[in-house]
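Shown below, as structure tokens, is a lone chain in the form predicted alone; questions about how it binds or moves come after it.
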């Protein structure tokens, strides 16, 4: 009989898991050709603005396949704030049996996205991080920083946001976790001070320009997950020494890589895939002077990995 797990149950089991390691394994399997991931299904809305992503797939040598639905609305009529919801369905390969429904309300999407940011920084960020810069004071702006803790030894954070109220809320939430938070309404403060920058906004126009980016900077760009979103000036990718895609095929049609390719400022041959960066040390940062970019558009293999890990942990708990 199919199992249904709610958000409280899912959150209760996450502390026993290692999402970063699970996501690493997923990216490696994907880049090694051991995953079947069809193109993203999506619906885009203008009034109110938002999007729904349907991501699905399976690992070739695995027993399951996964279908994930996640929505995000940026100006909800009910709250005037960003809202999201969703679920993940885990099915048995060979029979089509619904093994479980994870009613995670998009929390697992947030977890696997933050874990991917940590994976990117682990292999691409400079060794010595003076300050972590964050563009976007929402859920991912918080979780990306928290998930960096196992791989980056830095508690200094500078966050940029659209208004001081959201920045004050961010500071109030993050300082009790041990972070020293500075806030700014000027993105140049971020690029002047920080050599690891995370962009986590739904912006449709660049927030950072190429002349702002200093040598030795790593940028994890994870907000641009649809064809029209764009957080980075495409010239930043032209300037970068290493440009990494979570999925090359997916980044051809969405994300920062898509935007740079579209205007002729990046050659496809320069792009390397994150799973290959994990597997092959020669593809990683080799100098503190290099500029590195990771373009994270969100790949279904992440949903597969987090869904399986949560299901197996919940099932074991019931024994």
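Residue numbers count along the first chain shown, from 1. Bear in mind the structure is a predicted one, so any value in this text is a computation, not a measurement.
There is another form of this protein, the form predicted in complex with a further copy of the same chain, and it is not shown here; the text below is about that form.
Practice task
Indicate whether a further copy of the same chain has at least one heavy atom within 4.5 Å of a heavy atom of residue 95 in the model of the complex.
Solution key: Judged by the heavy-atom cut-off of 4.5 Å, residue 95 is in contact with a further copy of the same chain in the model of the complex.
Practice task
Report whether the minimum heavy atom distance between residue 4 and a further copy of the same chain in the model of the complex is within 4.5 Å.
Solution key: Judged by the heavy-atom cut-off of 4.5 Å, residue 4 is in contact with a further copy of the same chain in the model of the complex.
Problem - residue 179: touches a further copy of the same chain in the model of the complex, heavy atom cutoff 4.5 angstroms - result: Residue 179 lies outside the contact set for a further copy of the same chain.
Exercise for the section: Examine residue 207 and determine whether its closest non-hydrogen atom to a further copy of the same chain in the model of the complex is within 4.5 angstroms. Expected result: Contact with a further copy of the same chain, no.
Exercise for the section: Mind telling me which stretch in 274 to 282, 288 to 296, 39 to 47, 261 to 269 gets its heavy atoms within 4.5 Å of a further copy of the same chain in the model of the complex? Expected result: Going by heavy atoms within 4.5 Å, the stretch is 39 to 47.
Exercise for the section: Go through 51 to 74 residue by residue and record those having a heavy atom within 4.5 Å of a further copy of the same chain in the model of the complex; state none if no residue qualifies. Expected result: The stretch touches the partner through 52, 54, 56, 57, 58, 65, 67, 69, 71, 73.
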